[in-house]
Structure formats: C-alpha cells, structure tokens
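A single chain comes next, written as structure tokens; it is the form predicted on its own.
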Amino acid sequence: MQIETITTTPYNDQNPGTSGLRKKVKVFQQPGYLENFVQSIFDSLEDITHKTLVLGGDGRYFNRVAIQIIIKMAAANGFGELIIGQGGLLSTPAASNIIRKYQAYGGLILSASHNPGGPDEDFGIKYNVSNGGPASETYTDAFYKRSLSITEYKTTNIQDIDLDSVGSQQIGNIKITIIDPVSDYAELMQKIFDFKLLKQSISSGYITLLFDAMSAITGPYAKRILVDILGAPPESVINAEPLEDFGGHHPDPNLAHAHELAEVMFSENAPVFGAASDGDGDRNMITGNNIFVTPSDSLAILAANAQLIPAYSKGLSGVARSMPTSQAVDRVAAKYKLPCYETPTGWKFFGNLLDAGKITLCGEESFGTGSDHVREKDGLWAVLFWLNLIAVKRQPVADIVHDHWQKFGRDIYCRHDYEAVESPIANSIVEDLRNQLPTLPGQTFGEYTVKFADEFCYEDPIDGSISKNQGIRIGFENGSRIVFRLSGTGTVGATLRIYIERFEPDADKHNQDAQVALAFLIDLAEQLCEVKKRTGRTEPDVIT
C-alpha cells in the first residue's frame, strides 16, 4: 500500500454548521474539495493511529464515490480499522450505535439529512465523536481553521473496496469490515421495547400501520423491524428502497413533503398509526387516524408515558428540549419533578447532558426525538415508542393526545419556514429584530404583554461552554412566545424559521386549529420582522 501526498489549495467555505458541512454535490465534486475537508478533520484529531473509524451514509448521490475517497485517505492517515455499512449505507442513529457498541474512535456520516438528493442537489459530511454524538463546536471550529491553511492531503493507491459484500479484509495496515447496516440497530431496539407485545398487537389487527421511508435510508430498517420481525404486512412500508435522488422526494417528514402518507392518514380508511422518517433516519413524523402529532407534543407525551416502556420503566433522570421547541415537555417535567433543560438547536447540545446522566429523553421541534440509547435523534426509535404506547394503553393516537392535553393543557404551536431567503435580507431581518429587543418588554399587543425579549445564549451546565446568538425570543406574560431563528441546514440562502406558541389550559378550546388560534401572534410576528414585505412572499414555504 503506497501512501501518496497530494498538494492542494484551501477553500474558504468549509465551515461546518450544527449538522456538519453541507453543500451542493457539484461543490463537493470540485478538485480536492472533499479531500481537503476530510484531511482537515484527520489533522485536527489526536492520536488516530490504529484507531477504528465508522463510515456510512444515507445513500444519496455521491455517497459511494465519497466513501471510496475516504477509505483511501483513512488508510493513508493511519487508522487501524474501518467499519462500513453494506452498500455504504448507515442511518445516522445506527452509526451512532455502532460507534458506541464497538468503541470506535469516531465516525464520518455522509448525509445532508432532510435535504433533497441528486446530481444537482445536496451532499453533506459530519464527524461524530467516540460517544456517538456530533462533534462539538470546539472540534468543528478546529476543522474549519485547519481547512483555511491546508496545503496537502494523504491518500493511497489501493483499489476501490467492494462495499456490497459483508466481511473483513486486511489491506496493508488497515482492516476494512463491511457490516449489515441494520442488525446491530434492530438488536438495540429489541432491548428497549416490548417486541412480544408489539408483535401480538400487529398480528391481532389491533395495530394497523403505514410507514413512509421516503425512498431514503430507513427503508431497510423499517422492513427488517416492522415487517420481518414484528410481522406487519409488507405494504405497511412504502417508498422503502433508498434511492440516490430519493425518488424525487424531498425527504423531510412533514405534512407538506410526506403527502403520500398524509393522504392516507387523513382519509376515511386510515390505519391506526402512520409515520415517516427523513433522508438519514434521524427525524420522525407521527400521525394517527386523522390526526397529526406535533413534534413538541410528541416529546411531551413520550416523557409523560415513559414508564410504560421496558427500558424506561424505572423513570427518567431528566428531559431536555431545544429552545424553539414548545414548553409542553416543561409541564410534564414540572408535574413529575424532573430536571428540564433548554438548549440551542443542534443535537450535539444534548450530548453532554446525556453523557452526564442528567437527562434520559430529549427532542427538537424539527421532528427529532431521542434518548440515552444513542447520541443522535432517532426516527425509528420514536416510531417504536409510539407503537409500544398504543399497544400498552390500548388507545388510538388521537385519544392519547387528547388525554395528555386534558391533563397538562395544550401548547398550541406552529412553525413557519421561509426557505432560501437571500442571505442579506435574512441577516437584515435578524439585525433589525435584535435592535428592537430593548424596547419590547412592557409593550402590549392586544391581549399579549411582552414579559421579556432577548437573544438566547446557552451556558452548558457540564463543561461551561457558551453558545451565543441562538435565536431571538419574545415571551409574553401569559406564557406565549414568538421565536425567530435562521437555520443552517440548507445550502442556498438562509431559512428563516418563525416559531409561535400559546398555552391553552381550557379543555373546551383544545381542538382549535393552530393557525386560527395563533392568527394574532402570526400577524404580530410579521409586524415585527416583515419577512413577507421584504421578500415579496405571501406565505411561508412550509407550515408545521
């Protein structure tokens, strides 16, 4: 095995966000672009010689090419073993589990999550550390700093590896192991949930279900677990084959993009339970017969009922939510006297809390929920959690939701996304909102009096690190909130997300349509930020 050192020139745009480096495929196909970033990662890590690296992705376009490049570079840089998902496939939560189970040094996950795939669409890469979670800002800052000064990268002259055959081979000083991408994950799920009860509930016909894999990575996982192990009919899993372009789908599990699932679940003959996952398998959308469960409500309901699940029967150590997520889980935590943490958006912020044993469950309003079983959000885990609840409680989804509201009140909630906003416009909106903050407290708008207005800053209770500028919050005396935040998950322009929340304790008002109930606050949000006026748009691109 001959090591080659290739001279290269830095790129100035390789600053990874909360979910790694995401760009258009054509950007990654530039000479040395992927190689520069991977070498910058390797150069920033300590003592990688003879260590184990996990490698896999969501199967999107460029995934297999990128994996072959990374194999050669990992060999040249001294790694001792690569564990790779068969076909180059690994869901993000499955990769986290493998890193943890086999005590790997870390892992490279190739995904742009819920972003579209294909030659003209998006690709991404992120590094996960030894706990299975995304690299912290300390790491990602180091990767970026190194990428600005890199002058060479290392590779080898070995032949491309057969990614489709399970097994191990030794090439020079590196062992390359191709594994079944599903088996370890399926084994973990059987330790968490009551598979015997689930199998009985499905075989008896009490639970009927429809899962939309959106032509993305969770197809093989859902087929193995829901169909092969639990006995659901094969037609219960749709769009199950991972495709490089996701079959033209936008693999984002919401009512707008998972329309095939939504049409069935909001029909007369809807099954008991419906769900979808995203490109890399870490997000979930939960629906029941003619009901959509918001991710914020889902997190709260899981927390309130966790003792019904075998793995959580002894109780929770605490819960956490991202700042824009509704305060529904806070009410559960208050009732059961659980610690509750509010973090910035980005799963890595939950990692320290999970590792320290401070929390057991956590979630984000952006269709992500998870627990201490891995260090990523986990779409299929959430699906199995809900199925286990339905099986134990012997209630349909709507009854579970309405009973929860009856007990805790309802946080009426929605998110409006304005996608691909020109960056100068998006930045000016945030800056103008920032300038308004000192004048807002005490002002009254209709029945809403501003209690506080600030820009969220998070001090990690474990390591003391500080994360500033994490979103603009406007809180009202009655507990309502408006939050504005620019998202870093897209590759074109910026996505402005507006989160709107109002607490409703009156059970007689729980069945209100969210857009109607929040109409005044929605109008107030526009008055404050003027996104429609500035962009010329008449409505958000996505409402969830």
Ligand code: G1P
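The first residue of the sequence shown is number 1, and the count goes up from there. Small disclaimer: the values here were computed from a predicted structure and weren't measured.
Keep in mind that the form predicted in complex with 1-O-phosphono-alpha-D-glucopyranose is missing from the display, and what follows is about it.
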| query | finding |
| --- | --- |
| In the predicted complex, the one of N388, N239, S366, T140 near 1-O-phosphono-alpha-D-glucopyranose [non-hydrogen atom within 4.5 angstroms] | S366 |
| Residue among R410, H114, R321, R375 with a heavy atom within 4.5 Å of 1-O-phosphono-alpha-D-glucopyranose in the predicted complex | H114 |
| Location of 1-O-phosphono-alpha-D-glucopyranose contact in the predicted complex, chosen stretch of 431-439, 286-294, 444-452, 345-353 [non-hydrogen atom, 4.5 Å] | 345-353 |
| Any non-hydrogen atom of N15 within 4.5 angstroms of 1-O-phosphono-alpha-D-glucopyranose in the predicted complex | no |
| Non-hydrogen atom contact R497 with 1-O-phosphono-alpha-D-glucopyranose in the predicted complex at 4.5 angstroms | yes |
| R415 within 4.5 Å of 1-O-phosphono-alpha-D-glucopyranose in the predicted complex, heavy atoms | yes |
| In the predicted complex, S480 touching 1-O-phosphono-alpha-D-glucopyranose (heavy atom, 4.5 Å) | no |
| Residues from 77-106 in contact with 1-O-phosphono-alpha-D-glucopyranose (non-hydrogen atom within 4.5 Å) in the predicted complex | none |
